[in-house]
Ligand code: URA
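What follows is one chain in C-alpha cells, specifically the form predicted alone.
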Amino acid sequence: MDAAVFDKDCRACPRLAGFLDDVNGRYPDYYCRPVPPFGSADARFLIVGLAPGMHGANRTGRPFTGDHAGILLYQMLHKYGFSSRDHSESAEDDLVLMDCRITNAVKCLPPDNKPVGAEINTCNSFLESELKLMPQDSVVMALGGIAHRAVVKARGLRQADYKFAHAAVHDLGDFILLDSYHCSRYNTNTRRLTEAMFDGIFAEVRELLQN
C-alpha cells in the first residue's frame, strides 16, 4: 500500500507511539501498530471512523473488529450488500468487503479513545491521499464529529460551511459526505443511535450510490 495513504511504521505522534509501546508491553499478543484501511482503494463507499479501539482494531489489526462498535456496523454492511458476512472476527477471517472500504481519521490507538488536535491533524494527510483515490460520485460516511471534521479538513474546506449532524448530507464536489452518530457502545446503549437510525443511514447510502 502507498505510504502516502498509510504507513505501518508511522511514529509521527510521540504520545501515540509511546502509548502503543506501553500497551504492547501489557498485551504482547495485540497488533499495537497503526491500523491499515480495510477494503479496496477504488471502492465507491468509504466509512471513516475515529480511531482504533483498545481491545478492538488495536488488538486485531482490522478496523471495527473485535469490539462492540463493529457489531452493528458489520451487520448493516452485510444487510446492504457491502460485506460477505455479518460479523468480523479477525484480520485473518474470510470476510470480504464489496465496493466498500473502512478507515479511521486517526490510525493509532489514542489514550482514553481521545486523540488530540495535533494528532488528528498529523494523520490527516493519510486521509487526504485516501480520499483522492475514490471514484467520482462516491459516498463517504463519517462516524461522529471528529471523523466528519477530518474529512472536511482533508478536502481543504471551511468547517463552518459543513456542520456535523446525524443524517446530514453534504456535497463535497467529488463525493457526498453523509454523517452518522458513531456506532459506539455508549451511543447504542443510550439509544442516541438506534438500529433503525443506523439502518436508515445505510439505506441512504444505497440510494446515493443508486444501486
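Quick caveat: nothing in here was measured; it's all calculated off a predicted structure. Start at 1 with the first residue shown and count on from there.
There is another form of this protein, the form predicted together with uracil (URA), and it is not shown here; the text below is about that form.
Out of the listed residues 177, 150, 51, 46, 51 is the one that sits within 4.5 Å of uracil (URA) in the predicted bound form by at least one heavy atom. A heavy atom within 4.5 Å of uracil (URA) in the predicted bound form is found for one listed residue only; from 59, 155, 33, 182, this is 182.
Of the candidate stretches 38 to 46, 23 to 31, 159 to 167, 59 to 67, only 59 to 67 has residues whose heavy atoms lie within 4.5 Å of uracil (URA) in the predicted bound form.
Residue 104 is the only member of 93 to 119 with a non-hydrogen atom no more than 4.5 angstroms from uracil (URA) in the predicted bound form.
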